[in-house]
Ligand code: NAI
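We begin with a single chain expressed as structure tokens, specifically the form predicted on its own.
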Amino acid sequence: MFDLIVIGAGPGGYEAAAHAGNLGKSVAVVEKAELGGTCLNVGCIPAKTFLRSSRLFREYREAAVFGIIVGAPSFDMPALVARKDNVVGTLKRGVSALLRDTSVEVLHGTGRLVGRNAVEVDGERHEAANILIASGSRPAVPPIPGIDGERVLDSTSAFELTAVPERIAIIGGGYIGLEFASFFHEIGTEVTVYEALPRIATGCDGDIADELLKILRRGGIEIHLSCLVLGIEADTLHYQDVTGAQHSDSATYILNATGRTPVVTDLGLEEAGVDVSARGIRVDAQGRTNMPNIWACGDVTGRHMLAHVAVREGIVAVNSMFGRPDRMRYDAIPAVIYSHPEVAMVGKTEEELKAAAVDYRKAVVPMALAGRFLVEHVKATGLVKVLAGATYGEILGVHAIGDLSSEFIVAAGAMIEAEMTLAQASEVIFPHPTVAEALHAAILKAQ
């Protein structure tokens, strides 16, 4: 009998299993596909590998501004896919080594609850004192006629393209859609985005989302807001615009980027009495479900579909199940859209503060206040926005748009987590020259 069985070897699952192994517990992790889950195999890592290549392709075209004369570049899609596979393979071997080094047994197959303390893996029963569900998520499939057509890609199949598409239509202007839009646009594909809501990047601070929209449109990406996709026929997408008028658009491929949905089916959750819906498994701040000894973390809970959140949730659950006091705190979770330009955020948005009737002060500064930003970019724009409490100046939210903002957002998260005030944060010494100095400038301005 194991101390813990984890169902799912994505970031939340394998990190939780390794953590429990480090605590001296007997642990097994069940995985029906590849170690590393969606993030490593068909999500975060492949996407960032693709985006790194498209950014380099753009920089190659801009090289003359930096004093480098080069010829006309071309894009080799098969070579990019091969590099992606190599990066994924290297990291996957690292996950395997981590589990081996922490004495975690890997059970390959499909796991299913067959009781409060038992998991069946391809017909074989395994018992454990605790079970952690970390089954992740899959691409959402909206009820659009023709969404399963041959010319329709999702966020998994898009990574296997062998040629640069001439034109792509992207359904969804959220994180996934915007990252793919940036990638395809920069390698020479004509890109159109269709978003059902009146704003792209749902969940972002409004000022940042509006700025991103302007930059992407100015760069040549066509974006339709408040747009309802009615159906797909072969390579043609039919949609209704904000006025109610209907249109059709053809593309080499149509990409379904409408988000992800928790994997909660075929796990035996209902039979085990676990409180679950299509939106995910309900858990408390320690990762407990309503059933004793059954826990959940990551995308399957439907809370925050981010790999780093899944990791922390998994560790909190392991600590809690083995008597080490811990809990999740969701007020300072950083998030990044790896579009071009990047968007990074942590804490409350201005819209959230207004809805909660919180008195606040804010400051917005251009990213170009940081000399490093000007050095690194050609004709780039960006900004940093700081939100703080009106009375005491406690930092409540930081939102930025501009490349390299992902590398300093963790500092803002630490400030919020530590409940630092603007006065305290202003005393932190930022290295020069760095793009992070724009954050320092915003903090000083907000005082």
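None of these values were measured; they are calculated from a predicted model. Note that residue numbering begins at 1 and tracks the sequence as displayed.
Same protein, other form: the form predicted in complex with the named molecule, not shown, and the subject of what follows.
**Q** Just checking whether A332 would be counted as a contact of the named molecule in the predicted complex - the rule being heavy atoms within 4.5 angstroms.
**A** Because no heavy atom of A332 falls inside 4.5 Å of the named molecule in the predicted complex, the answer is no.
**Q** Consider Y175 of the chain shown here, and say whether it contacts the named molecule in the predicted complex, taking contact as heavy atoms within 4.5 Å.
**A** Result yes; Y175 sits at the interface with the named molecule in the predicted complex.
**Q** Examine I221 and determine whether its closest non-hydrogen atom to the named molecule in the predicted complex is within 4.5 angstroms.
**A** Taking the distances in the predicted complex, the answer for I221 is no, it never comes within 4.5 Å of the named molecule.
**Q** How about V88: is it within 4.5 Å of the named molecule in the predicted complex, going by heavy atoms?
**A** Flag for V88 set to no.
**Q** Does every residue of Y360, A414 and A436 put a non-hydrogen atom within 4.5 angstroms of the named molecule in the predicted complex?
**A** Heavy-atom distance to the named molecule in the predicted complex: none of the three under 4.5 Å.
**Q** Considering A356, A278, A79, L197, which brings a non-hydrogen atom within 4.5 Å of the named molecule in the predicted complex?
**A** When the named molecule is considered in the predicted complex, the option within 4.5 Å is L197.
**Q** With the named molecule left out of view, which of N130, T289, T349, T258 would have a heavy atom within 4.5 Å of it in the predicted complex?
**A** Of N130, T289, T349, T258, the residue with a heavy atom within 4.5 Å of the named molecule in the predicted complex is T258.
**Q** Look at the stretches 71-79, 100-108, 305-313, 281-289 and give the one with heavy atoms within 4.5 Å of the named molecule in the predicted complex.
**A** Flagged stretch: 305-313.
**Q** Could you pull out the residues of 32-50 that have any heavy atom within 4.5 Å of the named molecule in the predicted complex?
**A** Residue within 4.5 Å: K48 only.
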